[in-house]
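We begin with a single chain expressed as structure tokens, specifically the form predicted on its own.
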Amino acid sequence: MAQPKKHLEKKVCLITGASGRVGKSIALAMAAKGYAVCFTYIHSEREAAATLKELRIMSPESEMVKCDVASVKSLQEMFRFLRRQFGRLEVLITTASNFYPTPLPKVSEKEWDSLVDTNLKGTFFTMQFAALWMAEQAAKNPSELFRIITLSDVAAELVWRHHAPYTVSKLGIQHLTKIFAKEFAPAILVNSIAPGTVLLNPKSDAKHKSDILKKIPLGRIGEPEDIVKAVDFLESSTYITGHILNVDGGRLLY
């Protein structure tokens, strides 16, 4: 195995699915905090390359890697790359996710697999590979704390019509978060951020936005910065694990 780059006295953060939107904002914030960031992408290589260019302004050691998180083989290859390139991993943030409507009773096997394999299976195996590696590092340095932060969704606690596979996958992520927190304590702190509505689809019309705002007590759509602040809080906290942090403007009150 090739030796990791000599620069890596710097801590490393892996973020899945961070070429754009909220994932990109988290990646830039972690680079600004001094991490070497490695992020995955699957389809949008041009967008990923643009994100990497921005990251390297703050953190020249940062990398991107193509990875289909729904494939265990692809994840294994990605982690082999991480070990060769960086030789260490302190923080994992899972943002890779699929989202689209699937009305009952016509959900296809292909739709189920597309949503559940990416969102739940992919998150599980990413967490498992990362936690095993972090545990190896913790055995050598017992004073070090490691962190896994999953992104779930407040939809895990709601009953959304037309989104059964998606909401089930997000509820599963929250349960996995608690299981991993219990299993890998005290060396690895494992928490989840459950966003409400953040960054409306550009195709959304005025009525759709108005209907959503009626269900948000704080009266606004969330911004990526709201999620970034939650990540920053959990990354710096030392006495929180197994927690689901809702960042939803009060959406769950409805």
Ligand SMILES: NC(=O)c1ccc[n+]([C@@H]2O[C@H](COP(=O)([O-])OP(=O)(O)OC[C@H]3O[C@@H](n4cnc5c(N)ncnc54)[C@H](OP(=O)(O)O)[C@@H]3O)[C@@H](O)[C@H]2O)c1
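The model shown is predicted, which means the values in this text are computed figures rather than measured ones. From 1 onward, residues are counted along the sequence shown.
If you look for the form predicted in complex with the named molecule, you will not find it shown, but the lines that follow are about it.
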Q. Can you pick the stretch from 190-198, 49-57, 203-211, 28-36 whose heavy atoms fall within 4.5 Å of the named molecule in the predicted complex?
A. 190-198
Q: Please check if residue 180 has a heavy atom lying within 4.5 Å of any heavy atom of the named molecule in the predicted complex.
A: no
Q: Please run the contact check for residue 15 against the named molecule in the predicted complex: heavy atoms, 4.5 angstroms, yes or no?
A: no
Q) According to a 4.5 angstroms non-hydrogen atom cut-off, is residue 243 in contact with the named molecule in the predicted complex? A) no
Q: Although the named molecule is absent from this view, report whether residue 43 comes within 4.5 Å of it in the predicted complex, heavy atoms only.
A: yes
Q: Would you check whether the named molecule, in the predicted complex, lies within 4.5 angstroms of a non-hydrogen atom from each of 62, 86 and 134?
A: no
Q) Taking heavy atoms and a 4.5 Å limit, what residues of 83-114 are near the named molecule in the predicted complex? A) 95, 96, 97
